[in-house]
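Two forms of a single protein chain come next, each set out by itself as structure tokens; they are called structure 1 and structure 2.
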Structure 1
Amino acid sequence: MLRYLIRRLMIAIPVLFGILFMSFMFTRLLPGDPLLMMMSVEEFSATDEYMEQRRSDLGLDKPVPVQYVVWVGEVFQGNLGTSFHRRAPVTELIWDRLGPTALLTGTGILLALIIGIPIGVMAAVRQNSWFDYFSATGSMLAISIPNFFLGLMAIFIFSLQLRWLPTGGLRTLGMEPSLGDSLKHLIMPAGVLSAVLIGPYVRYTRQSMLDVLRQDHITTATAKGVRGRSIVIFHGLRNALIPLTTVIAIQIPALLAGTVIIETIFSWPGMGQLVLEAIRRRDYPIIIGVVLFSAVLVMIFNLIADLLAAILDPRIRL
């Protein structure tokens, strides 16, 4: 196990520095003085002499590799620069938006799992049936509808026509925060976000179930006279879910990209909305900060998924 862990970390480290390198390249390639990307709030009103001093402190007069090392050092200390527009540290801005985005994406994944796994299992158990055929077609439809169109349709139907749900926001303004109210605001954006995940979850669950159901221990269980349903759930599904941890991790970048659109449509105050506003205002430190933060998050989730799979399935470690 330890050897596997070390090997997996050895792969993750160059990827981390690659992510940092690509983000660094963006800070240099974007129009504007790189110094602006690394200032603190107070420094915006500093004197020219001070800024020159700061420039040489940050090594901006030195060769690019040196600049990279200094920049990485700053990032590791949590300095992602200051927003041009909001005049606040980027780390702080991201931290404020993390909660709503985590809530939205977490609920989206949960919904997709609740809907996707049972459909995938049914499709595998009744392979080549009409159910199997319709679930495949349905999954295809779910990944083909643009999420902004799905979001607009949801608002049109559930908010404007039926008047069941609010059109957007985290909660009703001027109302005492309550769980019911928050859920009402959460369900529509999370549901639209989950649509893109349901298809892959159904496919992988089905495939992985089919693989597992062909194995010897399933035949043994059947021969022992275990009931069909408990074979599917206890012997089959338990093992079939292991590859799904990897699928969930792989889908996270797509999910975060989805938040840019969903949060904008539903006025959800998360990281996606923050980054889109920043792009419209050319507020580069925020964009680089969110992009870097997301990529590192994705890397960490991939690592966790691989380790989880190794813990759950001893064969992977070999």
Structure 2
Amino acid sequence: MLRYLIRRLMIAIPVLFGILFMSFMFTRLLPGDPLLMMMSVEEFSATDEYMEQRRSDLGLDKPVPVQYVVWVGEVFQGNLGTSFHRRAPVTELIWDRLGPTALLTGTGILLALIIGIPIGVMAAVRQNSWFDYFSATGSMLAISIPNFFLGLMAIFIFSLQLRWLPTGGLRTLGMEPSLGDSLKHLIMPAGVLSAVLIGPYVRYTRQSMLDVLRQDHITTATAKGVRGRSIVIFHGLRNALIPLTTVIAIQIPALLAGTVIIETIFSWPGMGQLVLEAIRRRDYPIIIGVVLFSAVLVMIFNLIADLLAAILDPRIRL
């Protein structure tokens, strides 16, 4: 297992540096000058010397390859740079927004797994039944409907019409933080996120279970008189979870940095809003810092998925 882990790390590290290099270069190709976007009205009449000094202070006067080398050197020292607009360390900004995004993403994925996996298993066991067709139709609807439409409909129904839930935010302003108030604000964004994820989870689980249930060891267990429920849970589901584990591991880091639409609709103060604001203001340190954070998460969770797959199916280690 240790050799398998080392081999995976040796593959992942060059990929990480390649992603960072391309992301850094493409970020610098974005239209718009970050210096102009962060200047006040009074500074627009500043002299050329002042502008060059500001550009030098931000490190934007050097060639892009030199900027990349300097940035990589700072990263190895644990420094992701300072935000152009917020004038704060990028590490602190990401850390402050990571908690709300992790809460939203974790709750959404957990709800989707609790609902999606049992439905997918039952659809596979009852193949070509009314339940199978119903779950397939519901999955296609969940995949097809955009998350921004689901979010707006949820706000319209549960906030504006029924007045059951708040329209957005992490907590009610002016009130003492409480678990009940936080749950009320979490229900709609987490519910919309889980609704988007349930469809793929149902389809992956169903297809994977069908593949496993057709294998020889399932036929042998059935011939030996093993109960159907034991076959499904202990023999089928364990192997069927292997591809689903990989899918979830890939989705988690992507969702942590990519819940821009849901966080914007529900005014959720997470990393999605931070990235969106950084793109609007051409705040290069935040953009590339989030890319680095996301790439590292992708590496870690892919490695976790590979290890879990090797544990669930020892043949993978060979």
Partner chain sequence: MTDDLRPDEQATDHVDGGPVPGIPPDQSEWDDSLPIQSPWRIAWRRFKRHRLAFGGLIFVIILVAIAILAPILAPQDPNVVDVSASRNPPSADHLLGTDSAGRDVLSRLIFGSRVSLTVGVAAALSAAGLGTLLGLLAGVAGGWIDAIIMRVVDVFLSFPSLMLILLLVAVLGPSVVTIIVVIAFFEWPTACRIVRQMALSIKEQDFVLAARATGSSRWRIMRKHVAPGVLSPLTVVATLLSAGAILLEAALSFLGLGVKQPQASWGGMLEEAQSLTILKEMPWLWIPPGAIIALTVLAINFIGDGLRDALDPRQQM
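Keep in mind the model is a prediction, meaning the values are calculated, not measured. Each form is matched to the other, and the largest set of C-alpha atoms that superpose within 1.5 Å is called the rigid core. When a residue number appears, read it as a position in the sequence of structure 1, where counting begins at 1.
Note on provenance: structure 2 matches the form predicted alone. Comparing the forms between structure 1 and structure 2 on their rigid core, the Cα displacement of residue 301 stays under 2 Å. In the core-superposed comparison between structure 1 and structure 2, the C-alpha atom of residue 70 has shifted by at least 2 angstroms. Superposition of the core reveals a Cα shift of 2 Å or more for residue 209 between structure 1 and structure 2.
Note on residue 11: its Cα is shifted 2.5 Å between structure 1 and structure 2, core used for superposition.
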